[in-house]
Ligand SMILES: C[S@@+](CC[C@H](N)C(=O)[O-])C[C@H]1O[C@@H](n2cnc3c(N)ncnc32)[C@H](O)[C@@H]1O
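Heads up, the chain below is alone and in the form predicted alone; it's given as structure tokens.
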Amino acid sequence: MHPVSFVGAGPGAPDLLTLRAADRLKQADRLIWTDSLINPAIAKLAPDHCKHIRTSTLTLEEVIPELIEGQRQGERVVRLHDGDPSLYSAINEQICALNDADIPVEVIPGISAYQVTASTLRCELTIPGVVQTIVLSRTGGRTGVPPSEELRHLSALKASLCLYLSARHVDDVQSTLEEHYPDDTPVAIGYRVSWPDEQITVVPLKEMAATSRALNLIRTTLYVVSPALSRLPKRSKLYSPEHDHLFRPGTS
């Protein structure tokens, strides 16, 4: 019997799927997909005989039976999530339910929007001597976050901060960030990254909220806050002639 495949669709563009993700889609007999967030062109990679089930109007109690039924009938079942399944995908509750039903699963990663945003801007988010940490998080909003992970604590790190699911609260987000980041810190605002109607705008932190409102952004928006976006001419030690390592021993 085949395991249920939890597949990351990536940010939107079909050619940003991993090879393994594309393979599972092309073999799918039953596709259960997050239609409100995934490019329909990706769902179309499934074969003609594949049963398509959209989840935008379903509850967990309606999704799980579809997964179990398909797998027990010997089908190749693909549960397709946007982005990477390790981030804000709600796969944990689904996998727990499948484990209780003795249904095997596999998880296939997908490229995340923060990676594509950085690539589109041709930026590295970890610049030597400037920033060496990337934080992936979200503001509290309706569902909240643990107290130790509140934005005021995370922003104190002054790391490359990637915020998902936060556009509806952008005024509070900007106010909190300005307590720790200089108000001219670059912020990349990414909307539907890698989709045909993609918008990626870089503004100083002090204009983050106003720009979001001007663009009418309330969903499918990512913020990348980082001094690395300033393209500071800092050099890493990796390729420095003064830095030796296992594959390039020192000459002294």
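This structure is a prediction, so every number in the text was calculated from the model and none was measured. Numbering starts at 1 and runs along the sequence shown.
The discussion below concerns the form predicted in complex with this ligand, not included here.
Colleague: Would you mind picking the one in Asn39, Thr185, Thr55, Thr220 that has a heavy atom within 4.5 Å of this ligand in the predicted bound form?
Modeller: Only one listed residue qualifies here, and that residue is Thr220.
Colleague: Work out which of Ile108, Ala113, Leu161, Leu177 lies within 4.5 Å of this ligand in the predicted bound form, going by heavy atoms.
Modeller: Filtering the options by heavy-atom distance leaves Ala113.
Colleague: Pick the stretch from 67-75, 126-134, 86-94, 147-155 whose residues have a heavy atom within 4.5 Å of this ligand in the predicted bound form.
Modeller: In the other structure, the partner sits against 86-94.
Colleague: Is Val193 close enough to touch this ligand in the predicted bound form, meaning at least one heavy atom pair within 4.5 Å?
Modeller: Yes.
Colleague: Is Ile103 part of the interface with this ligand in the predicted bound form - any heavy atom within 4.5 Å?
Modeller: So Ile103 does not count as contacting this ligand.
Colleague: Indicate whether Leu165 is a 4.5 Å heavy atom neighbour of this ligand in the predicted bound form.
Modeller: Leu165: yes, in contact with this ligand in the predicted bound form.
Colleague: Determine the residues of 1-30 with a heavy atom within 4.5 Å of this ligand in the predicted bound form and present them in sequence order; the list may be empty.
Modeller: Contacts from 1-30: just Pro11.
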